[in-house]
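Listed next as structure tokens is one chain, alone, in the form predicted alone.
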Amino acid sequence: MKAKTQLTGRVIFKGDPGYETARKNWDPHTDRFPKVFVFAKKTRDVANAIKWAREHKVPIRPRSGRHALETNLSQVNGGLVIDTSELKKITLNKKSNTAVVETGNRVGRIVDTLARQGYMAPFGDSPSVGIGGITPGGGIGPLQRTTGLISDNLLALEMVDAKGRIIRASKKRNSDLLWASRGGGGGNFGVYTKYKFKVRRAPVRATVFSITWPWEQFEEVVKAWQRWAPFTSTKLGSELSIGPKKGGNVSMLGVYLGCKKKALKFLQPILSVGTTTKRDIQSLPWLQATKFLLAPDPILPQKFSNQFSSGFGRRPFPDKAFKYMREFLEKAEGGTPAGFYFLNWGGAIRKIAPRATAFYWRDPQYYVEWNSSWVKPSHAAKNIALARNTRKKLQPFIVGSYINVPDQGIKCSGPVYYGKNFARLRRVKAKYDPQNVFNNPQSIPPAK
């Protein structure tokens, strides 16, 4: 009888010291009680963990940055969590303008490491998100109109499959897996351990901005933003956030990859709307600019639980959509991070055809997400219902949804996340994980 696989790496079983810390995620609502955590020190540890889990018939969950926004995605009761957060190597090759990063790196660490060497890496709205999970889901953020999505810059990868085999994918080999990993979501095909990205020289300086308006002006500002942001310079990325009526405001954070004089010219149409209560517009060296855009977002202790939902807008919201948006913001709990968030689309994102990568939603004008937040567990059901009912009401005005901001209230979610790429993703799944070892509540089922 052949010897059973041993777990290697830093292994923490339920009941061991450190278990409680290992179990905590960015969103407390997603915390579970797995049987064991394996903090991989090398790729072989990931392979051993997968084999062990299969021998012991326990479910597997990969985890990179602990930022999963829905339940049972990065951990599951009684399961084995393969945590890559101790795989942290970053290797920049200035000759080829590429960087190889292990999947335990957080986005902020990559951005910082490359910025110090004069290079630019795309990022989202939080430095503590793991590169492991954000990449296969797409990876959106304020640089996307210039650089494309994080996944658009993925050139090659290393992944451990359901049999514990180490697989490498690039344009030249296993190109179908590379295609699927560029927008097909994490946790579907295997456990990723390394990514190779195309990187760009950073500008010496960039212009960053943070503008706020009173909450009462949200409708006027959002209307103006939706007509301006998708059509302004593709060097300008803009995130617009609207907080709850109780204590919230309207704020716009972003970057223009150029001088302040030009930035002011491009910002003029939005700055002339309503009465701004704060205008902070500065030209900064690239490293400082990244710090301005990526405010510290500690993983623990995070007291707010959230329910998110997301979609894409092909045209500006009509008045009916604003009515539903207002209802949501009036019901959202005050003093929480709840609210609406918009990000302008276009530029480099649109240059890639919807079927060229697994990320399908190329032609919208903007991305929109909303989240309800709470602290007391007894408020969970009410807030989850608020976010999901708002989705039903906004459905006529949006298309699709973003897999990195999942909502398990979406039924038959495959085509909603992946559009017309869903059938091909199911075929890739059938090839690399025919027995559906890597599954979660909204994972891609293998094609029959």
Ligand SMILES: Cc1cc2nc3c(=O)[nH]c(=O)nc-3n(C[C@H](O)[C@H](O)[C@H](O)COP(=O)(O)OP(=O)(O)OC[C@H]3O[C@@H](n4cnc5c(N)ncnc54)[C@H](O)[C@@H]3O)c2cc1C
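Numbering starts at 1 and follows the sequence shown. Every value quoted in this text rests on a predicted model; they were computed, and no experiment measured them.
There is another form of this protein, the form predicted in complex with this ligand, and it is not shown here; the text below is about that form.
- Under a 4.5 angstroms non-hydrogen atom cutoff, this ligand in the predicted bound form has G124 among its neighbouring residues.
- Proximity of G183 to this ligand in the predicted bound form: non-hydrogen atoms within 4.5 Å are absent; the residue sits far from the partner.
- At a distance threshold of 4.5 angstroms between non-hydrogen atoms, G65 is in contact with this ligand in the predicted bound form.
- With a 4.5 Å cutoff on heavy atoms, G139 counts as touching this ligand in the predicted bound form.
- Only one listed stretch (205 to 213, 185 to 193, 269 to 277, 312 to 320) carries heavy atoms within 4.5 Å of this ligand in the predicted bound form, and that stretch is 185 to 193.
- Distance criterion of 4.5 Å from any heavy atom to this ligand in the predicted bound form singles out L73 from the list L157, L73, V221, L240.
- When this ligand is considered in the predicted bound form, only one residue from L69, V416, I398, A47 comes within 4.5 Å through any heavy atom, namely L69.
- Residues G124, D125, S126, V129, G130, G132, G133, I134 are the ones in 105 to 138 with at least one heavy atom within 4.5 Å of this ligand in the predicted bound form, listed in sequence order.
- Whereas the shown form places them at one spacing, the Cα atoms of I82 and L300 lie at least 3 Å farther apart in the predicted bound form.
- In the predicted bound form, the CA atoms of L300 and A332 sit closer together than in the displayed form, by at least 3 angstroms.
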